[in-house]
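First, one chain by itself: the form predicted on its own, in C-alpha cells.
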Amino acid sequence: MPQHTPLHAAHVAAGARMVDFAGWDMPVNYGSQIEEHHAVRRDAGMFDVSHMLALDLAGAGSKSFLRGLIANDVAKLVEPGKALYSCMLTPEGGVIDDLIVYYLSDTTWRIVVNAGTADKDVAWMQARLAEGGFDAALTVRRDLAMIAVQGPNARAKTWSALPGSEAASAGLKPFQAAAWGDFFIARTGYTGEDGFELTLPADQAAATWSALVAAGVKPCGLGARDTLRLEAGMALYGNDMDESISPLDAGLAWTVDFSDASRDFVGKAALLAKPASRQVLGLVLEDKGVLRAHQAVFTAQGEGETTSGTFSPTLEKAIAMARLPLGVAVGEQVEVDIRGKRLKARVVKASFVRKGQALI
C-alpha cells in the first residue's frame, strides 16, 4: 500500500489525479498540468513535497561527519540557515542521492533527502556514523510536512497566507532558511523560480495548505514539478544520476569540492582516479516529436543519451538533458533516435528557462 502524506485528504478532496510515486500516493495534477506549470512561471503555485524526508543531525562530531559524508564541503557554511546542495557518494564515486544540508550551528544541521532513496540514505548515514565513531546522532523527522510555494508572487502570497512570517523570512537570500515558530522557511526550490520551501508540523499542514489556497496559490502536482525542474536544468535522481554515474559525468562537478586537499570524503579517491568522460548539455528538438529519457543521441564525436526529456510548456518545444561526449559544443546539431527515426536537435546549455525567462 502506498504511503500517504499529511495532505493526502486535501488532494483527494480537490479532485487530484493520484499516482504511486516512490511508494507514496501523490497528486500528478489537479486538472490541467499545463495551467499548473504556467501558474508557477507567471504567478504562484505550490507542491506537497512531504514525501521527501527531513533529518536532524546533532552533536559535537556533526560537522566532521558531514565533511566526510558528502562531496561538497559544509565547512564553507558559516551563516546560520545557509544551505548547501551536494551528492552523497559510494566509495566507487556513484551517486547514492543528491540532498540539501542546512547549517544551523556547528553542532546542529538539517538534511533533506529524496523520497525514493530515503530509507537507503538513512541506513547509509547510520552505518557511516557507527563506523567512524562520531559524536553525533541522526533523527528522522516523519512528524514534519513540507510544502513548496514557487513563482514570482510566491513569497508575497506566502506572507499573506501566514501573517507574521514576513518578519522572519523577508531578509532571506536564495539558499538560506530561518525558523519561524514551528516552521522552517527556506528560500529554495526545484522550479527555477523564486519562492519558499516550508517545513512544518504535520498536524498544521492541512490548515496551511488551505490558507495558501485562499491567498491565491494554485495547487500543482508532480507533472508540473517535473516540467518546471527540467526547464530549469535541475537534475532528477534516478534519471540524470544514480549509483552507476559519477557526479563528474552527471553535470554535477560544481557540487564536488576538492579545494581542501586534507579533506577526505567517501568517493573522493574514485573521482580523482577517473576524471569526467561525459558532459551534460541541453537539447531542443527541431523536428516533430517528443524527447524522453534514454534515447540515443548521435553526434560527430560519438554517441550519447538523453537522461530527461519533455515538452516544454514555456518554450512550446520538446527539450531534454543529455549526457554527451566531451567534444560536443553548444550550437551543434545532433540526431536523436525517437522510435527508430533519427530526428534533428540543437545542442544548448542545460538550463532552458529561469525566473520566467527563456535562456535559449
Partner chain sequence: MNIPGNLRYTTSHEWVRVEADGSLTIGVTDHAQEALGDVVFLELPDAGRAVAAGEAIAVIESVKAASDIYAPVAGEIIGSNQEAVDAPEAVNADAYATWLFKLKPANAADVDALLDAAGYEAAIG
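Residue numbers count along the first chain shown, from 1. As the structure is a prediction and not an experimental result, all values here were calculated from the model.
Same protein, other form: the form predicted in complex with the partner chain, not shown, and the subject of what follows.
Contact between Ala179 and the partner chain in the model of the complex is not found at the 4.5 Å heavy atom cutoff. Within 4.5 Å of any heavy atom of the partner chain in the model of the complex lies no heavy atom of Leu53. Though the partner is left out of this view, Gly94 does not reach within 4.5 Å of the partner chain in the model of the complex, counting heavy atoms only. Proximity of Lys341 to the partner chain in the model of the complex: non-hydrogen atoms within 4.5 Å are present. Using a 4.5 angstroms heavy atom cutoff to the partner chain in the model of the complex, all of Val28, Thr227 and Lys288 count as contacting. Checking Ser64, Thr299, Thr314, Thr310 against the partner chain in the model of the complex, a heavy atom within 4.5 Å turns up for just one residue: Thr310. Listed residues Leu326, Ile34, Ala60, Val330 were compared with the partner chain in the model of the complex; Ile34 is the one with a heavy atom within 4.5 Å.
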